[in-house]
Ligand SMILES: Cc1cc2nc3c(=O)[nH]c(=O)nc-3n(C[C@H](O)[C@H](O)[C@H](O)COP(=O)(O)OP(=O)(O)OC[C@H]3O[C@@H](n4cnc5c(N)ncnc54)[C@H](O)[C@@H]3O)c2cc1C
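In C-alpha coordinates, the next block holds one chain alone, the form predicted on its own.
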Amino acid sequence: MADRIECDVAIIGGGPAGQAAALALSGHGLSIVVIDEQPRPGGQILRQPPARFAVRGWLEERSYRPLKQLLGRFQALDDIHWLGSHSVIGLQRGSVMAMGPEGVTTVTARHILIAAGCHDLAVPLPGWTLPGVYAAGGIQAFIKGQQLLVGNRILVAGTHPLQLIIAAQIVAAGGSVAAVLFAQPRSAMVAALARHPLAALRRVPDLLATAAALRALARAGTPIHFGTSLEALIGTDRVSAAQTSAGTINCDAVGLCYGFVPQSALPRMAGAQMRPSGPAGGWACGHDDFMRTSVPGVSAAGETTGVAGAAAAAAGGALAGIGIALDLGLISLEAAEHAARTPRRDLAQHRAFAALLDAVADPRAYFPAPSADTIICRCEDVEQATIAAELPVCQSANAVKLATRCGMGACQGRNCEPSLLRMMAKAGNVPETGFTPRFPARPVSIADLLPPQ
(Lines give C-alpha, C1' and ligand atoms only; values in the text may rest on other atoms or scores of the structure.)
Protein backbone atom coordinates (compact mmCIF):
# COMPACT_ATOMS: atom_id res chain seq x y z
CA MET A 1 0.00 0.00 0.00
CA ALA A 2 1.38 3.42 -0.90
CA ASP A 3 0.55 6.72 0.76
CA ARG A 4 1.53 10.34 0.22
CA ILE A 5 1.96 13.15 2.75
CA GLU A 6 2.58 16.80 1.93
CA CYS A 7 4.16 19.01 4.58
CA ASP A 8 6.31 22.06 5.14
CA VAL A 9 9.14 20.31 6.97
CA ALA A 10 10.13 16.64 7.07
CA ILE A 11 12.49 15.66 9.90
CA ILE A 12 14.26 12.31 9.54
CA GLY A 13 15.09 11.05 13.03
CA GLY A 14 13.25 11.29 16.35
CA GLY A 15 16.33 11.51 18.56
CA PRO A 16 17.58 14.64 20.37
CA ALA A 17 18.46 16.49 17.14
CA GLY A 18 15.07 15.88 15.53
CA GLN A 19 13.22 16.68 18.74
CA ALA A 20 15.08 19.98 19.26
CA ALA A 21 14.47 21.01 15.66
CA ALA A 22 10.75 20.26 15.96
CA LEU A 23 10.57 22.32 19.16
CA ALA A 24 12.31 25.25 17.44
CA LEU A 25 9.83 25.09 14.55
CA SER A 26 6.69 24.42 16.56
CA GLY A 27 4.21 27.25 16.91
CA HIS A 28 4.95 28.80 13.51
CA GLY A 29 1.90 27.27 11.85
CA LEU A 30 3.96 24.72 9.91
CA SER A 31 3.00 21.18 9.03
CA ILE A 32 5.86 19.05 10.37
CA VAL A 33 6.39 15.32 9.88
CA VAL A 34 8.95 13.44 11.98
CA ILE A 35 10.00 10.08 10.55
CA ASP A 36 11.77 7.43 12.64
CA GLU A 37 12.52 3.72 12.45
CA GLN A 38 11.42 3.19 16.06
CA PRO A 39 7.74 3.19 17.00
CA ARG A 40 8.35 5.78 19.76
CA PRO A 41 10.59 8.87 19.81
CA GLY A 42 13.85 9.09 21.74
CA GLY A 43 16.47 7.79 19.34
CA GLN A 44 19.13 5.32 20.37
CA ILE A 45 20.14 7.37 23.41
CA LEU A 46 16.62 7.17 24.87
CA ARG A 47 15.36 3.93 23.41
CA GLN A 48 11.87 3.76 24.89
CA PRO A 49 10.31 0.45 25.91
CA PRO A 50 7.36 -0.76 23.82
CA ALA A 51 4.22 1.18 24.72
CA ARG A 52 2.46 -1.94 26.00
CA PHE A 53 4.72 -2.36 29.01
CA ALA A 54 7.01 -0.36 31.27
CA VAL A 55 10.58 -0.89 32.39
CA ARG A 56 11.10 -0.26 36.08
CA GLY A 57 13.70 2.44 36.71
CA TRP A 58 13.99 3.31 33.01
CA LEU A 59 17.21 5.34 32.51
CA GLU A 60 17.19 6.92 35.95
CA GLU A 61 20.84 7.98 35.82
CA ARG A 62 21.39 11.71 36.25
CA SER A 63 23.03 12.06 32.81
CA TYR A 64 19.76 11.14 31.07
CA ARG A 65 17.59 13.74 32.82
CA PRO A 66 18.07 16.67 30.38
CA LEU A 67 17.37 14.35 27.45
CA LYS A 68 14.24 12.96 29.08
CA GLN A 69 13.06 16.53 29.67
CA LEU A 70 13.64 17.32 25.99
CA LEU A 71 11.73 14.17 25.04
CA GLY A 72 8.84 15.18 27.31
CA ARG A 73 8.58 18.61 25.68
CA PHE A 74 8.64 17.02 22.23
CA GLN A 75 5.94 14.50 23.09
CA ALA A 76 3.74 17.33 24.38
CA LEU A 77 3.70 19.05 20.98
CA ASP A 78 0.34 18.90 19.24
CA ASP A 79 1.40 20.20 15.81
CA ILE A 80 3.74 17.31 14.90
CA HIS A 81 2.84 14.32 12.73
CA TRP A 82 4.82 11.39 14.16
CA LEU A 83 5.57 8.76 11.51
CA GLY A 84 7.13 5.99 13.60
CA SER A 85 8.15 2.48 12.51
CA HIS A 86 9.19 3.89 9.13
CA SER A 87 12.63 3.49 7.56
CA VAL A 88 13.69 6.09 5.01
CA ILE A 89 14.75 4.23 1.87
CA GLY A 90 15.10 7.13 -0.55
CA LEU A 91 15.81 10.86 -0.45
CA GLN A 92 16.00 13.56 -3.03
CA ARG A 93 15.44 17.30 -2.87
CA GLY A 94 11.88 17.91 -1.69
CA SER A 95 10.92 14.25 -1.30
CA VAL A 96 11.43 11.45 1.21
CA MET A 97 10.40 7.83 0.61
CA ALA A 98 9.79 5.80 3.78
CA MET A 99 8.89 2.15 4.24
CA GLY A 100 6.48 1.29 7.05
CA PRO A 101 4.22 -1.55 8.16
CA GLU A 102 1.60 -0.63 5.55
CA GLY A 103 4.01 -0.07 2.68
CA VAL A 104 5.72 2.95 1.15
CA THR A 105 4.90 6.51 2.21
CA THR A 106 6.20 9.39 0.12
CA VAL A 107 6.62 12.63 2.08
CA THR A 108 7.00 15.80 0.03
CA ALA A 109 8.34 18.79 1.94
CA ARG A 110 9.52 22.35 1.40
CA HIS A 111 12.51 21.61 3.63
CA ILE A 112 14.08 18.36 4.85
CA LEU A 113 16.22 17.86 7.95
CA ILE A 114 18.40 14.75 8.14
CA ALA A 115 19.03 13.80 11.77
CA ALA A 116 19.70 10.11 11.24
CA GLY A 117 22.17 9.48 14.09
CA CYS A 118 25.15 7.14 14.09
CA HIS A 119 25.98 3.47 14.51
CA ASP A 120 28.74 1.40 16.06
CA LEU A 121 31.91 0.97 14.05
CA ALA A 122 32.11 -2.63 12.83
CA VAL A 123 35.50 -4.16 13.66
CA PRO A 124 36.37 -7.43 11.91
CA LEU A 125 38.55 -9.96 13.72
CA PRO A 126 38.76 -13.75 13.71
CA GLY A 127 35.51 -15.14 15.13
CA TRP A 128 33.51 -11.92 15.05
CA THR A 129 30.69 -13.54 13.06
CA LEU A 130 29.97 -16.07 15.84
CA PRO A 131 26.55 -15.81 17.51
CA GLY A 132 26.90 -13.86 20.74
CA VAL A 133 29.21 -11.19 19.32
CA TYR A 134 27.58 -7.76 19.28
CA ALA A 135 28.35 -4.14 18.81
CA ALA A 136 28.38 -2.75 22.34
CA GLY A 137 25.63 -0.32 21.39
CA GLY A 138 23.43 -3.28 20.48
CA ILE A 139 23.89 -4.76 23.94
CA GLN A 140 23.02 -1.37 25.43
CA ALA A 141 19.88 -1.09 23.28
CA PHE A 142 18.54 -4.38 24.66
CA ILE A 143 19.11 -3.16 28.21
CA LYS A 144 17.66 0.31 27.69
CA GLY A 145 14.55 -0.82 25.85
CA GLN A 146 13.57 -3.97 27.75
CA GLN A 147 16.21 -4.75 30.40
CA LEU A 148 17.28 -7.81 28.41
CA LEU A 149 20.74 -9.33 28.80
CA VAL A 150 22.40 -10.98 25.79
CA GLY A 151 24.43 -13.46 27.85
CA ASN A 152 25.33 -14.73 31.28
CA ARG A 153 28.97 -13.64 31.18
CA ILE A 154 29.61 -10.69 28.90
CA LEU A 155 32.99 -9.35 27.80
CA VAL A 156 33.20 -5.71 26.70
CA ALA A 157 36.27 -4.73 24.69
CA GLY A 158 37.56 -1.89 22.53
CA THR A 159 38.92 1.61 23.00
CA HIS A 160 35.93 3.84 23.77
CA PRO A 161 35.14 4.97 27.35
CA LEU A 162 31.43 4.33 26.71
CA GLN A 163 32.14 0.67 27.36
CA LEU A 164 32.47 1.51 31.06
CA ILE A 165 28.94 2.95 31.08
CA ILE A 166 27.60 -0.06 29.17
CA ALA A 167 29.35 -2.51 31.51
CA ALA A 168 27.86 -0.73 34.53
CA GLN A 169 24.40 -0.91 32.92
CA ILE A 170 24.88 -4.65 32.41
CA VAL A 171 25.69 -5.04 36.11
CA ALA A 172 22.73 -2.86 37.13
CA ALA A 173 20.44 -5.06 35.01
CA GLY A 174 21.63 -8.12 36.95
CA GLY A 175 24.24 -9.32 34.50
CA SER A 176 27.83 -10.42 34.92
CA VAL A 177 30.71 -8.73 33.08
CA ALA A 178 33.68 -11.01 32.50
CA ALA A 179 35.97 -8.01 32.01
CA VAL A 180 36.27 -4.60 30.39
CA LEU A 181 39.26 -4.44 28.06
CA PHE A 182 40.83 -1.24 26.78
CA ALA A 183 43.27 -1.93 23.97
CA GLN A 184 45.17 1.28 24.66
CA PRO A 185 47.31 1.72 27.79
CA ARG A 186 45.96 3.84 30.63
CA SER A 187 48.85 6.30 30.12
CA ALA A 188 47.66 7.07 26.57
CA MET A 189 44.17 7.90 27.83
CA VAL A 190 45.51 10.13 30.61
CA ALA A 191 47.81 11.92 28.16
CA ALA A 192 44.85 12.61 25.84
CA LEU A 193 42.88 14.07 28.74
CA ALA A 194 45.81 16.26 29.70
CA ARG A 195 45.90 17.74 26.18
CA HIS A 196 42.27 18.91 26.46
CA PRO A 197 41.89 20.20 30.05
CA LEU A 198 39.29 22.90 29.35
CA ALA A 199 37.04 20.54 27.39
CA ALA A 200 37.20 18.05 30.26
CA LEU A 201 36.38 20.67 32.91
CA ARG A 202 33.35 21.89 30.95
CA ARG A 203 31.88 18.38 31.01
CA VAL A 204 32.31 17.45 34.66
CA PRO A 205 28.91 15.61 34.73
CA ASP A 206 30.16 13.22 32.04
CA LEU A 207 33.35 12.58 33.98
CA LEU A 208 31.31 12.00 37.13
CA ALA A 209 29.11 9.50 35.27
CA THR A 210 32.23 7.62 34.23
CA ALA A 211 33.51 7.71 37.81
CA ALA A 212 30.16 6.34 39.03
CA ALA A 213 30.41 3.52 36.48
CA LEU A 214 33.91 2.69 37.69
CA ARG A 215 32.65 2.51 41.29
CA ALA A 216 29.75 0.25 40.29
CA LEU A 217 32.11 -2.09 38.43
CA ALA A 218 34.51 -2.13 41.38
CA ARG A 219 31.67 -3.13 43.72
CA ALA A 220 30.72 -5.93 41.33
CA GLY A 221 34.33 -7.13 41.17
CA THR A 222 34.53 -6.54 37.42
CA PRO A 223 38.14 -6.59 36.11
CA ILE A 224 39.17 -3.58 34.00
CA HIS A 225 42.33 -4.07 31.95
CA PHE A 226 44.27 -1.47 29.98
CA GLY A 227 46.69 -2.23 27.17
CA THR A 228 44.90 -5.52 26.55
CA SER A 229 43.77 -6.13 22.99
CA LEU A 230 41.46 -8.68 21.41
CA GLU A 231 43.12 -11.16 19.07
CA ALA A 232 40.35 -13.65 18.27
CA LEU A 233 36.94 -14.84 19.42
CA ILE A 234 36.57 -18.57 20.00
CA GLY A 235 33.56 -20.88 19.75
CA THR A 236 31.59 -23.28 17.60
CA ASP A 237 27.83 -22.65 17.70
CA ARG A 238 28.36 -19.57 19.86
CA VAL A 239 31.23 -17.52 21.23
CA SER A 240 32.68 -19.21 24.31
CA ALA A 241 35.91 -17.33 24.92
CA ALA A 242 38.10 -14.48 23.75
CA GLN A 243 41.80 -14.74 23.00
CA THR A 244 43.49 -11.54 24.17
CA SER A 245 47.05 -10.27 24.38
CA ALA A 246 46.97 -11.21 28.07
CA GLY A 247 45.42 -14.66 27.74
CA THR A 248 42.03 -16.32 27.28
CA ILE A 249 38.84 -15.02 28.90
CA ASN A 250 35.76 -17.24 29.07
CA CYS A 251 32.50 -15.57 28.07
CA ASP A 252 29.25 -16.28 26.24
CA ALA A 253 28.76 -12.80 24.76
CA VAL A 254 31.06 -10.02 23.57
CA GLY A 255 30.42 -6.32 23.00
CA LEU A 256 32.85 -4.54 20.65
CA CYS A 257 33.27 -0.82 21.38
CA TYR A 258 35.82 0.92 19.14
CA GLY A 259 33.82 4.04 18.32
CA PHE A 260 30.94 5.26 16.20
CA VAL A 261 30.39 6.50 12.66
CA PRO A 262 27.64 8.78 11.29
CA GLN A 263 24.66 7.43 9.41
CA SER A 264 25.70 8.98 6.11
CA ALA A 265 23.71 7.14 3.42
CA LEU A 266 20.91 9.71 3.16
CA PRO A 267 22.95 12.93 2.80
CA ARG A 268 25.25 11.13 0.37
CA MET A 269 22.21 9.94 -1.60
CA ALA A 270 20.95 13.54 -1.69
CA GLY A 271 24.30 14.71 -3.11
CA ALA A 272 25.39 16.71 -0.07
CA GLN A 273 29.07 17.49 0.44
CA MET A 274 30.68 15.15 2.96
CA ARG A 275 33.92 15.03 4.93
CA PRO A 276 35.85 12.29 6.77
CA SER A 277 34.53 11.85 10.30
CA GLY A 278 36.98 11.40 13.16
CA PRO A 279 39.48 8.64 13.89
CA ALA A 280 36.88 5.86 13.79
CA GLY A 281 36.17 6.56 10.13
CA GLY A 282 32.94 7.16 8.25
CA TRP A 283 31.59 10.30 6.62
CA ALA A 284 30.04 13.39 8.21
CA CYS A 285 27.73 15.78 6.38
CA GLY A 286 29.08 19.28 5.85
CA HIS A 287 26.94 22.28 6.80
CA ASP A 288 26.96 26.06 7.28
CA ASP A 289 26.30 28.13 10.41
CA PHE A 290 22.60 27.25 10.29
CA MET A 291 23.17 23.51 9.62
CA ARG A 292 22.21 23.84 5.94
CA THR A 293 23.90 21.33 3.63
CA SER A 294 25.23 22.04 0.16
CA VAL A 295 21.86 20.89 -1.24
CA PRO A 296 19.23 23.68 -1.16
CA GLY A 297 16.30 22.77 1.05
CA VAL A 298 18.17 20.08 2.93
CA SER A 299 19.69 20.54 6.41
CA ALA A 300 21.51 18.09 8.67
CA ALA A 301 21.99 17.87 12.42
CA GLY A 302 23.09 15.49 15.13
CA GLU A 303 25.50 12.63 14.61
CA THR A 304 24.91 12.82 10.85
CA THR A 305 27.20 15.88 10.97
CA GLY A 306 29.82 14.16 13.15
CA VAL A 307 29.63 11.98 16.26
CA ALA A 308 29.63 14.33 19.25
CA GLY A 309 27.00 13.00 21.65
CA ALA A 310 23.36 13.64 22.46
CA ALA A 311 23.85 17.14 23.91
CA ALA A 312 25.62 18.26 20.74
CA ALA A 313 22.86 16.68 18.67
CA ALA A 314 20.21 18.65 20.55
CA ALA A 315 22.14 21.90 20.08
CA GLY A 316 22.61 21.21 16.38
CA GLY A 317 18.93 20.33 15.99
CA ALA A 318 17.84 23.58 17.61
CA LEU A 319 20.19 25.49 15.32
CA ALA A 320 18.85 23.64 12.27
CA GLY A 321 15.28 24.50 13.27
CA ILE A 322 16.19 28.18 13.49
CA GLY A 323 17.84 28.00 10.07
CA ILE A 324 14.80 26.33 8.53
CA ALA A 325 12.51 28.99 10.02
CA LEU A 326 14.78 31.63 8.48
CA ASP A 327 14.73 29.95 5.06
CA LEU A 328 10.94 29.64 5.12
CA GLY A 329 10.59 33.36 5.84
CA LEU A 330 9.17 32.90 9.33
CA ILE A 331 11.81 34.98 11.14
CA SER A 332 14.23 37.71 10.15
CA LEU A 333 17.97 37.22 9.82
CA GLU A 334 18.48 39.41 12.88
CA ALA A 335 16.09 37.30 14.94
CA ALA A 336 17.70 34.09 13.65
CA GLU A 337 21.20 35.25 14.54
CA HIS A 338 20.04 36.23 18.02
CA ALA A 339 18.30 32.88 18.60
CA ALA A 340 21.31 30.99 17.24
CA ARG A 341 23.82 32.37 19.75
CA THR A 342 23.16 29.87 22.53
CA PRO A 343 22.92 26.67 20.43
CA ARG A 344 26.03 27.68 18.47
CA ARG A 345 27.99 28.20 21.66
CA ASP A 346 26.72 24.93 23.12
CA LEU A 347 27.48 23.03 19.93
CA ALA A 348 31.04 24.34 19.86
CA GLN A 349 31.61 23.29 23.47
CA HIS A 350 30.12 19.85 22.96
CA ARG A 351 32.22 19.29 19.86
CA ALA A 352 35.32 20.27 21.82
CA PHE A 353 34.48 17.50 24.30
CA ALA A 354 33.87 15.13 21.39
CA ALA A 355 37.37 15.92 20.14
CA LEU A 356 38.64 14.95 23.58
CA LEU A 357 36.78 11.63 23.40
CA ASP A 358 38.17 11.04 19.91
CA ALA A 359 41.68 11.50 21.28
CA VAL A 360 41.05 9.22 24.27
CA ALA A 361 39.33 6.51 22.23
CA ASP A 362 41.32 6.73 18.97
CA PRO A 363 41.22 3.11 17.74
CA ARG A 364 43.56 3.41 14.75
CA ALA A 365 46.62 1.92 16.45
CA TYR A 366 44.61 -0.78 18.23
CA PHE A 367 42.38 -2.49 15.69
CA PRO A 368 42.57 -6.31 15.87
CA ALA A 369 44.35 -7.89 12.93
CA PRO A 370 41.98 -9.92 10.73
CA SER A 371 43.29 -13.20 9.38
CA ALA A 372 43.15 -14.08 5.67
CA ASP A 373 39.85 -15.91 6.12
CA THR A 374 38.22 -13.26 8.32
CA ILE A 375 35.00 -12.05 6.73
CA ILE A 376 35.09 -8.28 6.14
CA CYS A 377 31.77 -7.92 4.31
CA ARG A 378 29.22 -9.95 6.26
CA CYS A 379 26.37 -9.41 3.79
CA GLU A 380 28.27 -11.06 0.93
CA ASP A 381 30.74 -13.22 2.94
CA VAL A 382 33.79 -11.53 1.41
CA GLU A 383 37.02 -12.49 3.17
CA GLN A 384 40.04 -10.32 3.87
CA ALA A 385 42.27 -12.24 1.43
CA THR A 386 39.78 -11.74 -1.42
CA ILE A 387 39.84 -7.97 -0.92
CA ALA A 388 43.59 -7.79 -0.40
CA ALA A 389 44.18 -9.53 -3.74
CA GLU A 390 42.31 -6.76 -5.59
CA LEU A 391 43.86 -3.73 -3.88
CA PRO A 392 46.90 -3.46 -6.21
CA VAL A 393 44.59 -2.93 -9.22
CA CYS A 394 41.49 -1.28 -7.69
CA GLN A 395 41.80 2.46 -7.18
CA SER A 396 38.39 3.12 -5.61
CA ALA A 397 35.95 1.56 -3.18
CA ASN A 398 33.48 1.07 -6.02
CA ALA A 399 36.12 -0.82 -8.02
CA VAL A 400 36.69 -3.19 -5.10
CA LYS A 401 32.93 -3.57 -4.82
CA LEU A 402 32.62 -4.63 -8.45
CA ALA A 403 35.56 -7.03 -8.20
CA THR A 404 34.64 -8.70 -4.91
CA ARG A 405 31.00 -7.83 -4.05
CA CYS A 406 32.24 -6.17 -0.84
CA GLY A 407 29.60 -3.55 0.00
CA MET A 408 27.06 -4.96 -2.44
CA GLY A 409 24.80 -6.49 0.21
CA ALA A 410 21.76 -5.43 2.15
CA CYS A 411 23.55 -2.97 4.44
CA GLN A 412 24.97 -1.04 1.43
CA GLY A 413 28.45 -1.09 2.96
CA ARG A 414 27.59 0.60 6.26
CA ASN A 415 29.52 -2.08 8.13
CA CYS A 416 32.36 -2.92 5.76
CA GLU A 417 33.19 0.45 4.18
CA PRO A 418 35.39 1.76 7.05
CA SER A 419 37.32 -1.53 7.13
CA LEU A 420 37.82 -1.48 3.37
CA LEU A 421 39.02 2.14 3.37
CA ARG A 422 41.53 1.31 6.13
CA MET A 423 42.81 -1.61 4.06
CA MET A 424 43.13 0.62 1.00
CA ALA A 425 45.00 3.30 2.96
CA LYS A 426 47.40 0.69 4.37
CA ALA A 427 48.04 -0.48 0.80
CA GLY A 428 48.94 3.08 -0.20
CA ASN A 429 45.66 3.98 -1.89
CA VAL A 430 43.53 6.62 -0.18
CA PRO A 431 40.29 7.07 -2.17
CA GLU A 432 38.50 10.41 -1.91
CA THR A 433 35.13 8.77 -1.35
CA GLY A 434 33.63 5.45 -0.31
CA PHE A 435 30.87 3.48 -1.96
CA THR A 436 28.29 5.32 -4.05
CA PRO A 437 24.99 5.20 -2.12
CA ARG A 438 22.22 3.36 -3.93
CA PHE A 439 18.47 3.19 -3.59
CA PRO A 440 17.07 1.73 -1.39
CA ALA A 441 18.99 2.89 1.67
CA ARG A 442 17.46 0.05 3.73
CA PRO A 443 16.53 -3.49 2.64
CA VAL A 444 13.07 -3.65 1.11
CA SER A 445 11.19 -6.21 -0.96
CA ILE A 446 10.46 -5.46 -4.61
CA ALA A 447 6.79 -6.25 -3.98
CA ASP A 448 6.55 -3.34 -1.54
CA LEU A 449 7.74 -0.94 -4.24
CA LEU A 450 5.22 -2.05 -6.84
CA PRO A 451 2.04 0.04 -7.30
CA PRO A 452 -1.14 -1.49 -5.85
CA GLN A 453 -3.04 -3.74 -8.25
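Numbering starts at 1 and follows the sequence shown. Quick caveat, the model's predicted, so the values are computed rather than measured.
The next section is about a form of this same protein that is not shown, the form predicted together with the ligand.
With the ligand left out here, work out from 37 to 45, 50 to 58, 391 to 399, 420 to 428 which stretch has heavy atoms within 4.5 Å of it in the predicted complex.
Only one stretch passes the 4.5 Å heavy-atom test: 37 to 45.
Establish, in the predicted complex, whether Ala17, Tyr64 and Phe260 all lie within 4.5 Å of the ligand, using non-hydrogen atoms for the distance.
So, yes: the whole triplet contacts the ligand.
Pick from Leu256, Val88, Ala318, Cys251: which residue has any heavy atom within 4.5 angstroms of the ligand in the predicted complex?
Selected residue: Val88.
Select from the listed residues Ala116, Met291, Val180, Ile112 the one whose heavy atoms reach within 4.5 Å of the ligand in the predicted complex.
Selected residue: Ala116.
According to a 4.5 angstroms non-hydrogen atom cut-off, is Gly94 in contact with the ligand in the predicted complex?
No, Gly94 is distant from the partner.
Considering non-hydrogen atoms and a 4.5 Å limit, does the ligand approach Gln140 in the predicted complex?
Contact check for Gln140: yes, within 4.5 Å of the ligand in the predicted complex.
So, in the predicted complex, is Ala313 in contact with the ligand at a 4.5 angstroms heavy atom limit?
Yes, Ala313 sits close enough to the ligand in the predicted complex that at least one of its heavy atoms falls within 4.5 Å.
In the predicted complex, does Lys144 come within 4.5 Å of the ligand, counting heavy atoms only?
Residue-level check for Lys144: yes, a contact with the ligand.
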